[in-house]
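Form predicted on its own, single chain, as structure tokens, below.
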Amino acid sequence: MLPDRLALALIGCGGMGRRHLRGLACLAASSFSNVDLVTVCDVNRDNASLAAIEAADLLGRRPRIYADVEAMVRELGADLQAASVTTDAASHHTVALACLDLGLHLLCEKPLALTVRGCRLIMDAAKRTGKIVSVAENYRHDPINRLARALIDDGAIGTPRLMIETNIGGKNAIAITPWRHMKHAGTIVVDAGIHYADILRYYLGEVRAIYGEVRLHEKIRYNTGSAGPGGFYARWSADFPAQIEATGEDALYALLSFGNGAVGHWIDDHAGHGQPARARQVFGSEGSLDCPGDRNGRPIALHLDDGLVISQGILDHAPHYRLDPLAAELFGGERVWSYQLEFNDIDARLLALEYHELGACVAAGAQPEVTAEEGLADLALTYAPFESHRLGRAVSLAEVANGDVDAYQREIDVQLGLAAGDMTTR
């Protein structure tokens, strides 16, 4: 390891871990390489061994292999400074707390933890140990989302009034892995929906109140042999059962009230049949944005009242838009308004940005963009429709984030050993 590089462990060598290896390789090949992968760790040693082989091919050096975090830190000592957690969502808090207490800085895949209580434990550990925690929310790093935020901030549509975030599809197929349909493991609306919670907050700022309902539409899910995003999960999908009985909700419908007075309409339905639907629109007092979603590079359309639709000349309406140097290198310029890359290339570039930020923050003693506190707020917004549905009323983001409203999550906390057995609805 070179002295100006962050020595990193990758913990969790499944599909997400394999994707992170590509991100590390992308960063290593850039002009801003500042992270070295020195070890991989997984309770399934076969997964760790396969990841080490892939890492050797991608990075030119085979990392050490471990099945136990404590043994890894004990043996590597000062040669290890940070960890990236890419395990299943239900184990995030356990692995993150162990890493922090063992003296490691942290990049943790979203959600930071499976419940608000788990997030707060991680926040407390970070403060106690003085270590940096960054949450891997890659959608907001997409240059197209950076541009959308700049357009809003620069007044391209006037005062924001309404944001519509819609994602409908999925039918009755297993979404990536079976655990993503289990309440106690991290249902798909939480695991995938938290991306959209983060984008809603990234575009329009803090949410004040939420009214929502959730559903479990498809109680039986079927194995269709899906390889998941980028094809990285194909190695395991053949071993999944032919069908599973889902226990976690698969659809979320919510109305949001933002602190700036705007309204949000949010649908995240992973049981949609018929025609899939995908939309991200922001309406303001002087125009609207039609955004293409995430990790596709398609341009934003700016609609103005005179009927003009602007895409190619959209940069004139975002004078303050600039990507940071690494993003500019990876996506072709500091003022990119569209790009053409394959999904896996986009995915790797966005992950490279996350790793570079972690290395830079550790070197400078600075905080990342998506801190543990931001990760908590994203999870609170994701669970707010669940808690609202359980209580039959609107809830504030603050009362969910503070744990004052947690009737839905309490059963999960008990299952994970994070709370006492009081299941009384407040």
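Counting begins at 1, following the sequence as shown. All of these numbers come straight from a predicted model, not from anything done at the bench.
Another form exists, predicted in complex with a small molecule; not displayed. Remarks below refer to it.
Checked against the small molecule in the model of the complex, the residues Glu213, Asp79, Asp88, Glu334 give one hit for a heavy atom within 4.5 Å, which is Asp88. Checking His195, His105, Arg280, Arg120 for any heavy atom within 4.5 Å of the small molecule in the model of the complex turns up a single hit: His195.
Between 355-363, 372-380, 44-52, 26-34, the stretch whose residues reach within 4.5 angstroms of the small molecule in the model of the complex through a non-hydrogen atom is 44-52.
At a distance of at most 4.5 angstroms from the small molecule in the model of the complex, none of the three residues Ile199, Pro292 and Ile300 contributes a non-hydrogen atom.
Among residues of the shown chain, Asp268 is not one whose heavy atoms approach the small molecule to within 4.5 Å in the model of the complex. Proximity of Met16 to the small molecule in the model of the complex: non-hydrogen atoms within 4.5 Å are present. In the model of the complex, Arg349 stays away from the small molecule, with no heavy atom inside 4.5 Å. Heavy atoms of Tyr233 reach within 4.5 Å of the small molecule in the model of the complex, making it an interface residue.
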